[in-house]
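One chain comes next, on its own, written as structure tokens: the form predicted on its own.
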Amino acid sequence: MTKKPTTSASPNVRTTAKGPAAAAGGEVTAIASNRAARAAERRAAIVEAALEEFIARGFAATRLDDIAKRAGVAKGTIYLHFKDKESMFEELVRIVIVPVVERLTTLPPPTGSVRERVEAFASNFLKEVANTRRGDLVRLIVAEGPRFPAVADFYYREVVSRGIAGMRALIELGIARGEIQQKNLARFPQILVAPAMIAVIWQSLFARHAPLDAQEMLRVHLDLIFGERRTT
């Protein structure tokens, strides 16, 4: 009796059969990845355009049409990423300001002094905020916050409250270590960061009349709190 040839597929055939499906799956993944990358690029362009428009026009006068035009997208594209102008502004604060403040929440190592930590933070704040677009954004909030309570409330939750908590923690640590003698300072942590805020406001209003050496002002301020730095 003649043996009938088997009809089962060989391993090679099965592997080949999977090839097109695997390739198609890879193409789908690549397409999805490309779409996600393009969406992220558009979102970043919208945020950057919003920053420029808010600073140039103010919160009240900024229109979504102007942001879309500057970003090079259709107005409808904005609504794919943001609910409204307020949510866009909140995203700006999260991206531009919040990371700077979050650095304050890290307490100094046991070998580092509280003054060194405060000085490093304040110096970075002056460098990264006071004379940059971040400073323009802070000044915008100070100027228009009273007219837009929701924006001011959000900024307080995301930035101010975190900054105050970080400052208070540093002050309490300084008191415990004997670096700070005035214990009531913990009740008013705003005092510790006051020079940085003065520098932000002074820069836009009075710098052309009386340039401010913010770093030197900070040094004098810290001398008042911690005592004059000893020199060897």
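The model shown is predicted, which means the values in this text are computed figures rather than measured ones. Superpose the two forms; the largest set of C-alphas matching within 1.5 Å is the rigid core. Residues carry their position along the shown sequence, with the first being 1.
Not pictured, yet referred to below: the form predicted in complex with another copy of the chain.
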Counting only heavy atoms and a 4.5 Å cut-off, does another copy of the chain in the model of the complex sit next to every one of G58, I198 and E216? yes
The chain here is shown without another copy of the chain. Which stretch in 68-76, 121-129, 155-163, 86-94 comes within 4.5 angstroms of it in the model of the complex, by heavy atom distance? 155-163
Heavy atom of I141 within 4.5 Å of another copy of the chain in the model of the complex: yes
Even though another copy of the chain is not shown here, does N34 get within 4.5 Å of it in the model of the complex, heavy atoms only? no
Can you tell me if R133 lies within 4.5 angstroms of another copy of the chain in the model of the complex, counting non-hydrogen atoms only? no
Determine whether any heavy atom of A194 comes within 4.5 Å of a heavy atom of another copy of the chain in the model of the complex, and answer yes or no. yes
For L170, is the CA shift between this form and the one not shown at least 2 Å following rigid-core superposition? no
After superposing the rigid core, is the C-alpha displacement of R63 2 Å or more between this form and the one not shown? yes
Superposing on the rigid core, do we see a C-alpha displacement of 2 Å or more at E86 between this form and the one not shown? yes
Do A60 and E158 move together or apart in the model of the complex, judged by C-alpha distance changing 3 Å or more? farther
Just say closer or farther for the C-alpha distance from A56 to F206 in the model of the complex, relative to the shown form; it changes by 3 Å or more. closer
